[in-house]
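Read the single chain below, which is given as structure tokens and is the form predicted alone.
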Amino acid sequence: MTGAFFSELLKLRRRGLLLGGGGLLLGFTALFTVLGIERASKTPGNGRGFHVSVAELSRPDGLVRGISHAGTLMGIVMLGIFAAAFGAEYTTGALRNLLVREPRRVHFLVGKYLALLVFAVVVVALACVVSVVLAFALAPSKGIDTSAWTSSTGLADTWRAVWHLLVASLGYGTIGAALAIIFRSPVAALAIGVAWLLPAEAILSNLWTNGQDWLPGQLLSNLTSGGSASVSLTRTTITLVAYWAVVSIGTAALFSRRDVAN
């Protein structure tokens, strides 16, 4: 397991992955933060999309508005990173050679997964730092009062939002890893994952009254936003943990028993 962990960390240092996946995460976070602040107005209720009032951004949780809005897109990027890491070795045929060095398949899978979790934590943390720095830099030009951001309530709200975003991103990544192992292709995993989490779940949630209580993409979005009136954060967390356990056990069982060839 240790060998697989450090081997995967070395691969994650590749420039293409750092600039591609990591760059996208940082870019989305910066974009949503800038748009949220630049489109802030003195009067609430006007505008659409990223519109929010100056008064709302001056609240203790105003600092994390950009982070929360970028949550779904950041999750999709993380899904793609995990799918590429787990699926590329099928398409290149490298998986057979790796399993010669570490024949204990579950140990190999866990080590690889843990390395990607570490990578995800670092990248998401950097994205949150970028968002916070940009928010403090741009707020004065829009007349946003940032004093509440550094209060005890503001710091607690910021930590809570970052924690929720991090856990949700890992959830998206786990979905990407599972799909890559099931379909043995990073392209198929990304296509199916995006198609399900975005348009399919949007349609199902409109047709199914209780869809927000059970659909994984809806639950991950709800976690990013800190819960909602219809689905509590506690229920969201419990349901997602149950999904994670089922997906992890099922994927590990499939990987340990199935031939690695396409």
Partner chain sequence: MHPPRSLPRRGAPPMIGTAGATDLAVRTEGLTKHYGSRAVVDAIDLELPRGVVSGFVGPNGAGKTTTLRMLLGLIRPSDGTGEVLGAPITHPASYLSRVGALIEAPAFYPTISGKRNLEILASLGRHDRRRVDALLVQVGLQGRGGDSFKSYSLGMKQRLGIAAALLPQPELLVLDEPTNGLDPAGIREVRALLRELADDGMTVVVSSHLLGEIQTICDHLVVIDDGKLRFQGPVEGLMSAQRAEVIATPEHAADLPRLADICAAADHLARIDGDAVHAVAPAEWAAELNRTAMAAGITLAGLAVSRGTLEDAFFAITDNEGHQILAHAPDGGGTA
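Numbering follows the first chain given and starts at 1. None of the values given here were measured: they were computed from a predicted structure.
Unshown form predicted together with its partner chain; subsequent notes refer to it.
> Is it the case that Val246, even though its partner is missing from this view, gets within 4.5 Å of its partner chain in the predicted bound form, heavy atoms only?
No, Val246 sits far enough from its partner chain in the predicted bound form that none of its heavy atoms falls within 4.5 Å.
> Looking in the predicted bound form, any heavy atom of Leu10 within 4.5 Å of its partner chain?
Residue-level check for Leu10: yes, a contact with its partner chain.
> Hey, in the predicted bound form, is Thr92 touching its partner chain, heavy atoms inside 4.5 Å?
Result yes; Thr92 sits at the interface with its partner chain in the predicted bound form.
> Is Arg160 one of the residues lying within 4.5 Å of its partner chain in the predicted bound form, judged by heavy atom distances?
No, Arg160 is distant from the partner.
> If you check Leu99, Leu117, Leu73, Val106 against its partner chain in the predicted bound form, which one has a heavy atom within 4.5 Å?
The option sitting close enough to the partner is Leu99.
> Which one of these stretches, 84 to 92, 163 to 171, 187 to 195, 135 to 143, sits within 4.5 Å of its partner chain in the predicted bound form when only heavy atoms are counted?
Single hit among the candidates: 84 to 92.
> If we check its partner chain in the predicted bound form, which of the residues in 241 to 257 reach within 4.5 angstroms of it by a non-hydrogen atom?
Result: Ser256, Arg257.
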